[in-house]
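Take a look at this single chain, the form predicted alone, given in structure tokens.
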Amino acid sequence: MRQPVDLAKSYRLLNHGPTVLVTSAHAGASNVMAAAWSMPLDFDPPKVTVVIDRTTYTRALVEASGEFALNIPSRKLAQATVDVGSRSGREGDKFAQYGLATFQGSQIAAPLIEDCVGWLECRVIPERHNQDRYDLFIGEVVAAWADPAIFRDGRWVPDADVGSIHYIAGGAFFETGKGFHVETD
């Protein structure tokens, strides 16, 4: 299940540093790759950054289309996250190969992946220097979605039964753990 996320709160989907699945599409081709380096950048309009290596098929599709999606997987997709991050889309359809079901977003052509806990649809803000020198892409978030069982009212649910995943290397992940509250003014 998914519900829209207010764009003013969309940065919260990434501010805790989850691993993401970057999806892209252009001219009938689509691809998915894993990325550990993504983060929110700005509030209004909301912007994110993601590192997409120049040698990847995803990079070619993102540069051609000017858009991408950041899909936030849960533990259920941990194996697929490692798998899509270990192979090139130039070798075949990774969605079919790893059984990743998709759905169409509202603002971009790149597919969104089912069974994630959050989704950000982004349009590239061209910054050739950053892209060429650092492989760093800036995207304006044009639509955002989340699973209301884990993210609602503009924030993560601290006692949810499922969490986002955080890749640490060698096939190892952390899953977002038990949350807690402190008093705020």
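Values in this document were obtained by computation on a predicted structure and should not be read as measured data. In case it trips you up, residue 1 is the first one in the sequence shown, and so on.
Absent from the display: the form predicted in complex with another copy of the chain. The rest refers to it.
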property	result
One stretch from 119 to 127, 64 to 72, 23 to 31, 141 to 149 that, in the model of the complex, holds residues within 4.5 Å of another copy of the chain by heavy atom	119 to 127
Exercise: residue 60 in contact with another copy of the chain in the model of the complex, heavy atom 4.5 Å	no
Exercise: residue 182 in contact with another copy of the chain in the model of the complex, heavy atom 4.5 Å	yes
Touches another copy of the chain in the model of the complex: residue 42 (any heavy atom, 4.5 Å)	yes
Residue 109, heavy atom within 4.5 angstroms of another copy of the chain in the model of the complex	no
Residues from 1 to 38 in contact with another copy of the chain (non-hydrogen atom within 4.5 Å) in the model of the complex	11, 12, 15, 16, 17, 36, 37, 38
